[in-house]
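In structure tokens, one chain follows: the form predicted alone.
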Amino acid sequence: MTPTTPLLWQTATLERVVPQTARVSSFFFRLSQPFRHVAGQHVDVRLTAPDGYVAQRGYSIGSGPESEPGVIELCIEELEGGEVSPFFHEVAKPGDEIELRGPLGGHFIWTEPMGGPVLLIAGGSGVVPLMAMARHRAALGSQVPMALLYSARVWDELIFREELLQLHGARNGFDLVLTLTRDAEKREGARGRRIDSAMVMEAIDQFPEPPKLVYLCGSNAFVAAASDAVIAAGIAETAIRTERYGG
């Protein structure tokens, strides 16, 4: 077996910040050593304090492979008590440099030749790598059927909301099903409960055949519950790929 060359750390410069929700923003970084990623991959980010203390976290790449060359989008949620996310939200500004390495990950990825239908299921900020897949499909003008079942607490916490609604409105084989678990106000087109097997069936109702691939991303608890709902809907466990974060 041929040993693989380890990915090296490189410098990336923050070019701009785009707020997504009250606690989530997209940070666009220009790489000093550009790479081409696959939808679903992530990078490691490393911050070093003046006293030498190092904090490191992994963040999914939200931009599709066809996005601006040499620039990647990391969508970061500010977490109370976090070591890395507060820096980006409270300190970082355009022109700042950070260290990162990647792209990383070879299992939780999607390319058009992998085919479909494809079911994406996201909880909260777990939508980020799945957004890269949806953007990849859109950039290619792909006809692979794809649906995103996206759960958030309230309407204003739906990351990429307007872009997702536009992708859904194009009616070209991408379908969006939204569900809000804590929003008291009724939203047109949005469900008001946690993901269950009936909702999974609704998400894949327009597919010509059962999904070939299912991608689940969110917290540990969310992925566990969503996996159960997918299996209860009759989808083979072998079709499921998961990525988890947090506790």
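Note that residue numbering follows the sequence shown and begins at 1. The model shown is predicted, which means the values in this text are computed figures rather than measured ones.
Separately, the form predicted in complex with a small molecule exists; it is not shown, and the next lines address it.
Visitor: Partner absent here, but in the model of the complex, which of 110-118, 149-157, 162-170, 78-86 has residues with a heavy atom within 4.5 Å of the small molecule?
Guide: In the other structure, the partner sits against 78-86.
Visitor: Classify Ser63 as contacting or not contacting the small molecule in the model of the complex by the rule of any non-hydrogen atom within 4.5 angstroms, answering yes or no.
Guide: No, Ser63 stays farther than 4.5 Å from the small molecule in the model of the complex.
Visitor: Under a 4.5 Å heavy atom criterion, is Val128 part of the interface with the small molecule in the model of the complex?
Guide: Val128: contacts the small molecule in the model of the complex.
Visitor: How about Phe222 - does it come within 4.5 Å of the small molecule in the model of the complex, if we only consider non-hydrogen atoms?
Guide: Phe222: no contact with the small molecule in the model of the complex.
Visitor: Although the partner isn't part of this model, could you tell me whether Arg57 comes within 4.5 Å of the small molecule in the model of the complex, counting any heavy atom of the residue?
Guide: Looking in the model of the complex, residue contacts with the small molecule include Arg57, since a heavy atom lies within 4.5 Å.
Visitor: Name the single residue among Arg191, His42, Lys212, Arg30 that comes within 4.5 Å of the small molecule in the model of the complex, judging by heavy atoms.
Guide: Selected residue: His42.
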